[in-house]
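Next comes just one chain, in structure tokens: the form predicted alone.
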Amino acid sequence: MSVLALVAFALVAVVCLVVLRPLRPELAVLLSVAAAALIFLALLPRIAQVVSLVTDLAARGGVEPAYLAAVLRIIGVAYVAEFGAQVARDAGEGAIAAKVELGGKVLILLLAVPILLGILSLVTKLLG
């Protein structure tokens, strides 16, 4: 999907939301979630291309596959948590959005533990 098609779709969705929100707020929330999900799904092939490119570069650079997998999971958690938080905010649920962000941060910390242990092990080897 090109950026022009993405922006055009988003603008059509926004105009529909502006018209629909005063009349049927519950449907406006559903339309907002559906539009966000469609945009996300449309971007998935591009995300797959980026992951493939990063994987290839990491293999050329000799990066440990486990570390690359952890970093890619961390990035995925960050994007999904941000997406979920923004959808909750769009629905007027700021408290739930904040909890989604907190949950994402906790999961990111958990996923980062193996990387931190690897760095600590490397430092220990260099100093010992």
Partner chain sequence: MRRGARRGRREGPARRRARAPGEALNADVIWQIAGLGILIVVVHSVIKTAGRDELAWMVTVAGVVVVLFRVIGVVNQLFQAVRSVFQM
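Just so we're clear, the structure is a prediction, and the values are computed from it rather than from any experiment. Numbering follows the first chain given and starts at 1.
Quick note: we don't show the form predicted in complex with its partner chain, though the next part is all about it.
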| item | value |
| --- | --- |
| Contact flag, Glu64 vs its partner chain in the model of the complex, heavy atom cut 4.5 Å | no |
| Arg24: touches its partner chain in the model of the complex, heavy atom cutoff 4.5 angstroms | yes |
| Non-hydrogen atom contact Ala88 with its partner chain in the model of the complex at 4.5 angstroms | no |
| Contact flag, Val54 vs its partner chain in the model of the complex, heavy atom cut 4.5 Å | no |
| The unique member of Ile96, Leu102, Ile47, Ala59 whose heavy atoms fall within 4.5 Å of its partner chain in the model of the complex | Ile47 |
| The single option of Val106, Cys16, Val113, Ile119 touching its partner chain in the model of the complex, heavy atom within 4.5 Å | Cys16 |
| Neighbours of its partner chain in the model of the complex among 25-47 [non-hydrogen atom within 4.5 angstroms] | Glu26, Leu27, Leu30, Leu31, Val33, Ala34, Ala35, Ala37, Leu38, Ile39, Phe40, Leu41, Ala42, Leu44, Pro45, Ile47 |
